[in-house]
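Just the one chain here, laid out as structure tokens, in the form predicted on its own.
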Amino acid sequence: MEHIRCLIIGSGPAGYTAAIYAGRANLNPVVYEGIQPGGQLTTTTEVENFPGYPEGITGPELMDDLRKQAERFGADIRSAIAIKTDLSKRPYTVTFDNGDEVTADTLIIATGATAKYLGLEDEKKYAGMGVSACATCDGFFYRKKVVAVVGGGDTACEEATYLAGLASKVYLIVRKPYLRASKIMQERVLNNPKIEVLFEHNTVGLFGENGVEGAHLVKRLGEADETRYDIAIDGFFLAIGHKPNSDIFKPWIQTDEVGYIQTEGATPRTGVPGVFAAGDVADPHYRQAITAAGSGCKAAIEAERYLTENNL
């Protein structure tokens, strides 16, 4: 069985940044890229808010740059998905879907979180062409345009309020006849003249030539007074939650009710010594490339300190 000093699972901004720092500290990091090499950013066409790229950069190019930088400092990057872990004793054991089984002195979990979608074919068709799961990432492209946000919780209300500061109009499409969001978030949405809440509405499709131009809606789906109509929009934002990719770690590590890994204060330390969490898998609040990269840096520094303190 192969033994690794610093094992990193996941290859988004958190995983690759952890690999850069761990490589420069001579920890000989091994990165398993996981389900989506490069992480969620590889599905983003334009990234304008990552420092150091004044003209902007595409998501895949940014992740390729980070990958090359990690490799430059000796990171061993492999393609496989972690399917099982044993964190009951050190060295920790991780099994991958390609048959690899490795042990590790330190483990950095950077497996990310997956945005939930409605499951429409059109969501895939217009991915990066008007469909987004992050208003903070992509809202800037919809200044003075018309957008729709799907969801009825705090996240949806936050996204709608944020977009209302940029767009000319925001539709908030809510399946139920009420908002699930906290009272203060509801008030912000309902009192914003730019936001129109469409209660008891389902989105059943999107349309457009070279990107999203509108949405097919159904009001009171399945009821006697069911009504079908279209709205004209330039952008379609999903805000129905994220699923942290933390299932295989749950027997050993504390998570919140949604599945986000809980860390100690502002550190990336989990309750298991030598095991750290970085990026979206431990971040229900910000979910930005730059915050993920920062937490990857912290995780690698903590791993180096842990190895030194334990003479590993």
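On a predicted model such as this, the values are computed, not experimentally measured, just so you know. All residue numbers are counted from 1 along the displayed sequence.
Not on display, but discussed next: the form predicted together with a small molecule.
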Within 4.5 Å of the small molecule in the predicted complex by heavy atoms, the stretch out of 268-276, 43-51, 22-30, 254-262 is 43-51
Partner-free chain; cross-checking the small molecule in the predicted complex, the single residue of 81, 77, 146, 102 with a heavy atom within 4.5 Å is 81
Using heavy atoms and a 4.5 Å limit, would one call residue 292 a contact residue for the small molecule in the predicted complex?
-> yes
Legend entry - Partner contact for residue 69 in the predicted complex: the small molecule, 4.5 angstroms, heavy atom: no
**Prompt:** Taking 4.5 angstroms as the cut-off for heavy atoms, does residue 110 touch the small molecule in the predicted complex?
**Reply:** yes
**Study point:** Contact of residue 166 with the small molecule in the predicted complex (heavy atom, 4.5 Å)
**Key:** no
- Query: Each of 203, 214 and 217 near the small molecule in the predicted complex, meaning some heavy atom within 4.5 Å?
  - Reply: no
